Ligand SMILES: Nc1ncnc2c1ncn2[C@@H]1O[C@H](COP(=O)(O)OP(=O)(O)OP(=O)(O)O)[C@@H](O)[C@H]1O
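Coming up is one lone chain in structure tokens, specifically the form predicted on its own.
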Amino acid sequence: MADPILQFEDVSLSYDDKLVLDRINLTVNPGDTYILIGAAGSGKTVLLKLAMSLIKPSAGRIKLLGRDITDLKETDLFEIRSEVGVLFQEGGLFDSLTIAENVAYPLLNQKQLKAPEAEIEARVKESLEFVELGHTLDKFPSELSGGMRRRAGIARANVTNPKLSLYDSPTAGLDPITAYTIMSLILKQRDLRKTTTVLATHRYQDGAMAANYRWDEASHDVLRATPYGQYADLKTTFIVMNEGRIAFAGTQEQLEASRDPYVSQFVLHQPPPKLGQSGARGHLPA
């Protein structure tokens, strides 16, 4: 078995004597998908920040891509971070940069990713076309809809072809159709480029889609892997956070069978609505 992409070993975090995370143990394996669910303030976003070493734990160890990053200096983290893509809440684009400049930012600002200008332009264009935004190169974030900005954020997160992609509430505040589009693109990245995926969300529908749908290149769409009413085996682990602790970790089937009152409140016991014959739109809305 391949070595884990990410490991938390008895990780705790405190702010001003308040315990934010309490003895987290988590192993993220290559190619798998992990869905972080929990109430606001339960520790989902903090987990992602720790994974990137944007903040340091108060106790425990964190390993990323085989290296212990717990005590690494900022300068020593650059190379490791270049292999991780991150979609921040609301997309996190720079308002003063064009969409092309936003997507190019990781390639231009990480030394180990330096490439000739022509190659960077080609990769930026490819990444934006991947999310069907090839026509927005010269536009600014303010000229795009919320869903399009989120898609541009996905393009920037994955322009480096990372081994691990972290998504922080990628569908928050979006209407159901646009949220479905965003999840379709995340699955496209996961399935076509074999990217390990960790996704924090408050929407159970996002997790259910990741667990049961896969990208089909022939139809250029997402398709359900099994008939409705059956669970697919797409290597998806659901993790429910509660006040800084892991209250549950397991499959969708195990999650839906849980009788824990806190865990069960995040579960919808019906499949996401069908949007067209294959379960998707057939094209991406603006």
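Computed from a prediction, not measured in an experiment: that's the story for all the values here. In this text, residue numbers run from 1 along the sequence as written.
Below, we turn to the form predicted together with the named molecule, even though it does not appear here.
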| query | finding |
| --- | --- |
| Contact test in the predicted bound form: residue 236 vs the named molecule, heavy atoms, 4.5 Å | no |
| Touches the named molecule in the predicted bound form: residue 250 (any heavy atom, 4.5 Å) | no |
| In the predicted bound form, residue 45 touching the named molecule (heavy atom, 4.5 Å) | yes |
| 4.5 Å heavy atom contact, residue 163 to the named molecule in the predicted bound form | no |
| Region of this chain that lies against the named molecule in the predicted bound form, out of 251 to 259, 217 to 225, 65 to 73, 36 to 44 [heavy atom, 4.5 Å] | 36 to 44 |
| Within 4.5 Å of the named molecule in the predicted bound form, all of 78, 190 and 194 (non-hydrogen atom) | no |
| Selected contact from 178, 205, 82, 89, since only one has a non-hydrogen atom within 4.5 angstroms of the named molecule in the predicted bound form | 89 |
| Residues of stretch 7 to 26 in contact with the named molecule in the predicted bound form (4.5 Å, non-hydrogen atom) | 15, 18, 20 |
